[in-house]
Each structure stands twice: as C-alpha cells, then as structure tokens.
Ligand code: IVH
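A single chain, nothing else alongside it, follows as structure tokens in the form predicted alone.
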Amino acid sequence: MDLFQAQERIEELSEQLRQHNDAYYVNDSPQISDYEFDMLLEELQRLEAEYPDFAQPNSPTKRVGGSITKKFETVVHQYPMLSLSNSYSREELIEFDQRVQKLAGKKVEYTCELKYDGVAIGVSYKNGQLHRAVTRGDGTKGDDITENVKTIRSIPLVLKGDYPEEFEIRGEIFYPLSVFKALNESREEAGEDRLANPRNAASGTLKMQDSRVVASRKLDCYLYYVLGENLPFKSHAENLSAAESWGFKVPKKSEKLFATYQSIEDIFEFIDFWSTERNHLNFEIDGIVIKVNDYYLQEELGYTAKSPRWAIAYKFKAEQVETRLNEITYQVGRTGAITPVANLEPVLLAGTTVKRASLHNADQIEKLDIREGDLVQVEKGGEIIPKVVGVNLTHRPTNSEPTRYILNCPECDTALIRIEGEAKHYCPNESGCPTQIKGKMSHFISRKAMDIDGLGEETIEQLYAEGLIHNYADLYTLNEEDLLKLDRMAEKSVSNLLQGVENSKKIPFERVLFALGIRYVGETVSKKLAKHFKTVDAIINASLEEMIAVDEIGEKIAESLFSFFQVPENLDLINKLKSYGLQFEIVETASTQISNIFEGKTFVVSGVFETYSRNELKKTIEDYGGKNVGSISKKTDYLIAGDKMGPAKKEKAESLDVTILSEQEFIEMLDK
C-alpha cells in the first residue's frame, strides 16, 4: 500500500465508522454487527499506527481512549453555565408563566424536556470538529475534560450537514442504568465496593486520568441546548432539531422526551406523564425543565446572578423513607452558625446510605417536635442533602422528652446568640472557637477563593493541631523546615504546598475579598464590591450608606460588611495579607474607553435592533463610560427600546420616569 492508498483508506474507514457510530449510538439503528464494527476499527488503528501523519485529530479511534491527563486545565466559559431555579409546586410554575407573559405581552411558547440527573457538560465545535468539552464547574469556569468526552460514543467528533462554523452545545452525561447495574455487579464479584449512585459514578468517571478506563465505562449523553453568535434559527426547538441533523443525540418529540406548548395545562400533562413513566427509562431524571422557546424573549427576560429568568425546573417529589433518630448533635460552621444534625439508623435513600440528616434550626425542631428516639421521615432536599421532614408519632416511646436546644457552643462552650430576624443560633467567639477558625481557613484555600494546590481540610487540621497556623494569614509564613517534620509530608508534597501558597498571591482582588469569609459576602457580592470600590481600603473606609448604595447590596449585607471591618483583629489580618503580597485592589488593564460622556449613567438595552446587535450596543455604552444593567429600577437613566421589547419593561420605565430612547435616538446622542 503506497502513501496515497493509505491516506485514502484511512479517510474511507473514518467516514464509515462515523456513520456506523451515529446509526448505533445516536439513532439506535445499527447497520452492522459489533464484530464487523470492531474489525473496521482495528484496521483503522493499524493504519494510523503505520501512517501517523494521516491520523485525524478526531479520528474514531479516539473513542477507545489511551491518553493520560495528569491535571485538568481550568477553562473560562464563553457563556456562563448557570444552574436553573427549582420549583416543587404547580403554583410556582403558574407564577413563572404569568411573569413571562406579562413581560412578553402575548401568549408565550415553552419547551418541555427531561431534567437529566447526570453531569452537565459544554462541548464546543469549530469547523465541524469537536474542539473542547468543559464541565460546569462554578458556572464561570470549569475543567477541560475533552479527551475523556471523546470516548463517549453518543457525542460526535465530526459533524455532518449544514452546521455553523463555531458554536457550543450543552447537555448531560449520565450512566445508563443497565450499564451501571452491570458495573456494580462486576465490582462486587471482584470484591470491590459498589458505586453509590449513577450520577456520582458518572462524575467520578469523567475526572479519571486514564481515558481508556472512561471509554470502558460506556457513558451516554443527551445534548439539549445550542449557543452561538450565528445560529440558523431564533428558537430553542428549531436549533435543537437542526442539531439532530448535524449528528447530535438530542431529546426527540417522537419519543416524548421533548415538547412545545403554549398552555400551562399542557405543561402539567407533560409533568404528570413523566412523573410515572420515568421509572421505565434507562437513565435517571429528577424533574422537568420548562424554557421559553423564543431566543429574543430569553434575552428580554435575562438572568439573575445564579440562573436564567426564562427557564425553570420542576422537581419531582423527593423519595422519602422512615428510620430511627438515635441522637441529635450540633455542628459549628465557619461563620459560627449552629446546625443541629440528626444521627440516624443507616437507611438506603435515593441510591445512597444515609446516616445523618439536617434538622436546620431550633424553630424546625420545635415545629415538628423532633425528639431523640423518634421514628422520623427523611428525604433528600433537592435530592441531594438529606433532611428530616416529619415524625411518626404513633411509634414515639412513652418516656420521650422534648428536645432542649443547646445554649452553649459545642466546641468552645461560649454562650450562643440569636440575631433578631434570623432562624439560626450563632457562636460569637469568631477568633477563639477552633472549628470556626479552621472553617475559615478551609474556605480561604478553597477552589472558588484562593485555590491553593497542595492544601486540603486534613492538612489544615494537621497544621492547626501542630500550632503552625492560627489563622489564614499564617499560611504565608509556612516554611519547608517546619513542614518536613510533619507526618505524611514528603519533599514533593511540601514543595507543592509552598508553591500553591505562592501562586495564590496572584489571585485577583474580588476572589481575595470572597476568601476573607465575611458573612453574606459570596462570589457575586464580592465581584460587585470590588468593581465598585476598586480597593479594600476604599471598602474599609466606606460608610454604611455608601455600601448600601452599591448595586444589589442590601442593608443586611452592608451591615455584615461594615461590622467585619470594625473588628481590629480583622484589620490586622488584612494588613498581614497585604504585607505578604496578596491582591487587595483591582489591577486596571489598558482601557478601551473612547469617551466618558455616559459616565455615571445606567442603561437597559431591550429588544431587537437594526444598526447594532444588542451586544454591540452594550459595548458602545461601556466604551463611552456608561453602565449596563439587566433590569429597570429608579436608578436607571435610559432604556434603549428596540423591536419586540416586552410591554412590561416599557410600562415600568414610564412609571419610574426613565428616559426611553429608540436606536436612532441613541445614535444621535453619540453624534452630539
């Protein structure tokens, strides 16, 4: 075989295998036997080994794995990968529908699809080739697991048909139940522990270093949402149908996995159908997702900090079991919050063995009259966190005594306090309670905060017990000599730890602010504060009124923030961290601002435009010093109104005396 023949045969085999893979894994209509498929694949592997220059980056041979990934690269999502807000009642769905219709001013079409209980993934394609696959992560960035995803046969490596040049498609990777059952049986025969549930097993499999093992696990995937700048259609349903023609395994109307409705009653019928039929599926679902079909309207509705306003997930009622409550204990969180915990007789619930469950707070214990020795009902809140939801009073022991909530911290014996208007009790001994101190340090090193490699909760415990650290600032005083004296600390692990501490000095200001562990100051609030004040000194010196004036910072957050910076010990910690080189101000990049004519002005952009796209309008506003926000309030200066803008926004703008501009009027403002 000469070079030309080899290249031609490799291309021919690659195309044949893609077609057969699509027929088997996507369309469930195999055209050849497994043996014949394997023979074609072996021939292609042999030719690629002999003529490596002709091997294609997304060859079908990539399906069998073979690459080893030592560390998964962190990738920023081009489009934020937000989770959905959950609903457990029909009333909430009715309210969602009413909100959407009010904004749209017309009858709205929705799509309904299954809420797959797996691992969310975003897969991007360039020129018809699989480019990258990234996990959800924290919604802003995730892990690049491309090599492992290439082994999943229902995800195409090369597309067919008339696809966009560049786009992303999102979906859920899961374990087929039949495959998961067979895997557990084989593990049991080999004397290994059974895997707890399909979702956790899928997540663990995708983070394995050896892609050959991932390939052997036979994961599956449904893709259900297309994103991009130049998509062929302006509705979710049409783009999903187009994605099927490009080779993706998508939920189909013909299989009742997908539907479009305008009536809330029809949506309820879809929910009722799958609430029972889900038991016949070969994969797990935990609810139904309802989305606005029209992309323009999706943009109009926009997003909250955590989820889109144009979609909602209806969760099926959680599985519930009864078991004995043996003892109530109390945990102390990093902010001092006390959480009562039910220690239970072990019981199987939603695929996992549950031994402990949350009791939330003193009010919940009193409301349900929960007592030690009771037979209690337990379910998984959101099918994740076990919680006690009721008591079987008919089986209560005659000598039962009402629960008396603790008065003192179980860790440091400090008298607990309860802030007016809050449900939880708190230990106020922030600087002396060991659990709070270690909790703050664990939060400080966490991935979303300082992301210090080589450090975990166990190491924090060890360092604290040995007296090497007393707060998170002490992490920057650690040295090789002291660390090498500790158990399980070899030269390599010490080197990794110290390098991780050093690298954390480059973490940007907003994440350092989040890492400080100030009550109510999460990731989103930290970003807004950093962007507004620019430096930590500006926040420290701000008045309570100035803090409340920041966009989306309420009185509760501002009071917590203000109080934190009134404590001398906290200021001392910040000064130490500053001296160690951490970032306490925004590093200004080269400005692209053209002018400051809109400085101090706030804009809402809504609708469809002729001269500019919405994103171009927003960029222009920022280039001229203005600020874009998603919703209209009394702080809004201008609403730029395009075609198809919802009447609710216009009405709200008029009621608040917000200036409404057409696209042409905005352009004229720029010209002037």
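Counting begins at 1, following the sequence as shown. Treat the numbers as computed from the prediction; the structure is a model and nothing was measured.
FYI, the form predicted together with the named molecule isn't displayed, but the following is about it.
A.B. asks: Is every one of 82, 113 and 172 within 4.5 Å of the named molecule in the predicted complex, counting heavy atoms?
C.D. replies: Answer is yes for this spot.
A.B. asks: 120, 231, 242, 573: which sits within 4.5 Å of the named molecule in the predicted complex by any heavy atom?
C.D. replies: By the 4.5 Å criterion, the partner-contacting residue is 120.
A.B. asks: Just give me the single entry in 428, 139, 390, 308 that has a non-hydrogen atom within 4.5 angstroms of the named molecule in the predicted complex.
C.D. replies: Spelling it out, the residue with a heavy atom inside the cut-off is 308.
A.B. asks: Can any non-hydrogen atom of residue 518 be found within 4.5 angstroms of the named molecule in the predicted complex?
C.D. replies: Answer no; every heavy atom of residue 518 is more than 4.5 Å from the named molecule in the predicted complex.
A.B. asks: Is residue 283 close enough to touch the named molecule in the predicted complex, meaning at least one heavy atom pair within 4.5 Å?
C.D. replies: Residue-level check for residue 283: no, no contact with the named molecule.
A.B. asks: Consider residue 180 of the chain shown here, and say whether it contacts the named molecule in the predicted complex, taking contact as heavy atoms within 4.5 Å.
C.D. replies: No, residue 180 is distant from the partner.
A.B. asks: Looking in the predicted complex, any heavy atom of residue 325 within 4.5 Å of the named molecule?
C.D. replies: No - in the predicted complex, heavy atoms of residue 325 and the named molecule never come within 4.5 Å of each other.
A.B. asks: In the predicted complex, which of the stretches 289-297, 189-197, 203-211, 95-103 has residues with heavy atoms within 4.5 Å of the named molecule?
C.D. replies: Selected range: 289-297.
A.B. asks: Could you list the residues in 216-243 that come within 4.5 Å of the named molecule in the predicted complex, counting only heavy atoms and keeping sequence order?
C.D. replies: Counting only heavy atoms within 4.5 Å of the named molecule in the predicted complex, the contacting residues of 216-243 are 224, 225.
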